[in-house]
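Consider the single chain below, provided in structure tokens and representing the form predicted alone.
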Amino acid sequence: MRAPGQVIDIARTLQEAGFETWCVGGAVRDALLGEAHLDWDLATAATPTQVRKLFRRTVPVGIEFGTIGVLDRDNRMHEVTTFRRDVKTDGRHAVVEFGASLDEDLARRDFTINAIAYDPIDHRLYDPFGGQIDLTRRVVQAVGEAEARMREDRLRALRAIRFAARFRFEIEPDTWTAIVGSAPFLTRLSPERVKQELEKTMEQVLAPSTAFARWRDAGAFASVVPTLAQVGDDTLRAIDALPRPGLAGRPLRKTLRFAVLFSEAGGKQAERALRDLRFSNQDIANVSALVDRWTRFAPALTESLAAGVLPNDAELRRLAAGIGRLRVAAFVRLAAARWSAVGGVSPVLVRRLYRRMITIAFREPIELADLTVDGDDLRSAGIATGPTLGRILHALLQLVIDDPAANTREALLGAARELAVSPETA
């Protein structure tokens, strides 16, 4: 186990100035698990003022909580936090006191696997709460009394679930009991914090179904996302069928995972829930639109494919038009994930559906803009501006969706003149 060279340099500077310093947190845990971790944090006996005097480039990222960001020569920031103890907490934000020992600092941490310290100079591990044993046992266990740890910070309940799902660990029974007991108090968390935990789960966890099943079973969804309080196992398993967005982004992957998560709810309910969680307007629009399309079009399509029948091209063009050209690929991927979770639809047929839908969406006329005539052409043909003109354009689109060969200027103008005198479009 070895910290990056620049982290060693920071620790050496602090230790040579007389301040006990250790690497702590997720980087130590992940190194012991053999996983890469880019963010190495340090805990030190130095106060924030003393840290800032020792290093030329610092950022006061959380100075009231004892945290100073130290920039290395590559402009990577490493958080250096003074040993501290909690004085009081409201269940989310703690008032801290400096001047604590390393033991006191580790004792205030959430889980044993996160309460291991490493001296990068002498290559020593300090593990007073048996975190290495729990890593070997593959268990998430609270430091000390589990209920007290949850009271100190209600977010820990959701973090425990995420860590367990990410590393495929179990949750120690007393810790799970404390999580369940903490669920009614999760309303104290800000919507932004809940959103952040949801996103981290989608990004970090290969198979999020285990995490979200625990959210549901513990009562966390009932408290913070009531729309998902009864989300089904099939829906959760469908998320696992989609690729992980990863920390590098891949926004469409994340959109699809959230669309599946809310796919039982309906578009309007999904929109309200995402808005309450403070998602961006773009994320809300993309996810709720996909959920809406799934709700509207999936039943008939599922029935057809389950019977082994791919809808004909006219039906697929109507489906693509209803979904929207730019959402066709995402819709089929969402549908494929849902079908894979419940079975009954041939993967071969799903692949045929995807290829045909993509071809239709980008090569065939399914939108008004694809017509060879527009409103100006119809006005030039003597059709007055107004509601009738709009109805005629939409009727022409349906004509072309049924028969793309009809998408010629002459054919559409002729059809428009007939529609103009028809009582049905008048």
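Note that residue numbering follows the sequence shown and begins at 1. Just so we're clear, the structure is a prediction, and the values are computed from it rather than from any experiment.
What comes next is about the form predicted together with adenosine-5'-triphosphate, which does not appear here.
- In the predicted complex, every residue of the candidate spot (G25, H37 and R159) has a heavy atom lying within 4.5 Å of adenosine-5'-triphosphate.
- Scanning D72, E199, E264, D153 against adenosine-5'-triphosphate in the predicted complex with a 4.5 Å heavy atom cut-off leaves one residue, D153.
- The listed set K195, R108, R244, R325 contains one residue whose heavy atoms approach adenosine-5'-triphosphate in the predicted complex to within 4.5 Å, identified as R108.
- Stretch 159-167 is the contacting one of 159-167, 223-231, 253-261, 303-311, since its residues have non-hydrogen atoms within 4.5 Å of adenosine-5'-triphosphate in the predicted complex.
- Remark: Q204 counts among the residues lining adenosine-5'-triphosphate in the predicted complex, judged by a heavy atom distance of 4.5 Å or less.
- Mapping the unseen interface onto this chain, N114 counts among the residues with a heavy atom inside 4.5 Å of adenosine-5'-triphosphate in the predicted complex.
- The closest heavy atom approach of D41 to adenosine-5'-triphosphate in the predicted complex falls within 4.5 Å.
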